[in-house]
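Take a look at this single chain in structure tokens; it is the form predicted on its own.
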């Protein structure tokens, strides 16, 4: 048994003396694990870093075995992201979500292609947060937990959508929310094609997708939301809080 394909490395863990168990994702084979010979050695550790794109060859005697990986680096996504804190935080978050939430060996081309577009551009920083949140919406949809942001579940209106029910994942307008607004999740405008995204919207978007990832994608696997994903939300939330504080200071002055 064998295959050869471009892959995104999602996780690598040392195994024995110099080897590593790597988790990769390909368009055709989905999330796949294998033993990378020498993967944690000085000569090859740089290749097998999460976020890198690698041409991977997997071989095994039987299809249900762990098998072995060999690979050649295509794009050092990890090295580029490591130059700044936010891109690195975004990279570790999306790799952790994909590695932990997606079923093994099930093709999910929409999720894979989303990573393929995101990773090389992560050094752009916060401007990629819109696509990151949208990618998480795709992950939820592909896992069967898609959000319905097209129409208000209370009024049936398609305009003025402002919230999402934390129970159903369906959108609600301001009028439809009424007295229950404080119990709903804010729906950022950029997820319904309106308004210019900003730190407040990105914070709300990460809170929204994070809620359903934690409850459904990871909750049904009896796993917590990955720490890297929680840390990304905390980082953006702190940045948004600073913006609000600065605005209040300007108004006071």
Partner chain sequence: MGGPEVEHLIGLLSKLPGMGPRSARRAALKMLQQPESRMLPLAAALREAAEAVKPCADCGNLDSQDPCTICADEHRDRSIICVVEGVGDLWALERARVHTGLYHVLGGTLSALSGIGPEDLNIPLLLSRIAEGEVAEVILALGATVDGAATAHWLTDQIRPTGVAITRVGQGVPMGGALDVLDDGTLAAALRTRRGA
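All values reported here derive from a predicted model rather than from experimental measurement. Residue numbers count along the first chain shown, from 1.
One more form of this protein exists, namely the form predicted together with the partner chain; it is left out here, but the text below deals with it.
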item: Single option in 227, 194, 62, 221 placed near the partner chain in the predicted complex, where near means a heavy atom within 4.5 Å; value: 227
item: Contact assignment for the partner chain in the predicted complex, among 137, 102, 78, 128, heavy atom within 4.5 Å; value: 78
item: Heavy atom distance at most 4.5 Å to the partner chain in the predicted complex, all of 26, 119 and 142; value: no
item: Region of this chain that lies against the partner chain in the predicted complex, out of 62-70, 26-34, 46-54, 209-217 [heavy atom, 4.5 Å]; value: 46-54
item: Exercise: residue 168 in contact with the partner chain in the predicted complex, heavy atom 4.5 Å; value: no
item: The partner chain contact in the predicted complex: residue 92, any heavy atom under 4.5 Å; value: yes
item: 4.5 angstroms heavy atom contact with the partner chain in the predicted complex for residue 239; value: no
item: In the predicted complex, residue 74 touching the partner chain (heavy atom, 4.5 Å); value: yes
item: Residues of 8-36 having any heavy atom within 4.5 Å of the partner chain in the predicted complex, listed in sequence order; value: 10, 11, 13, 17
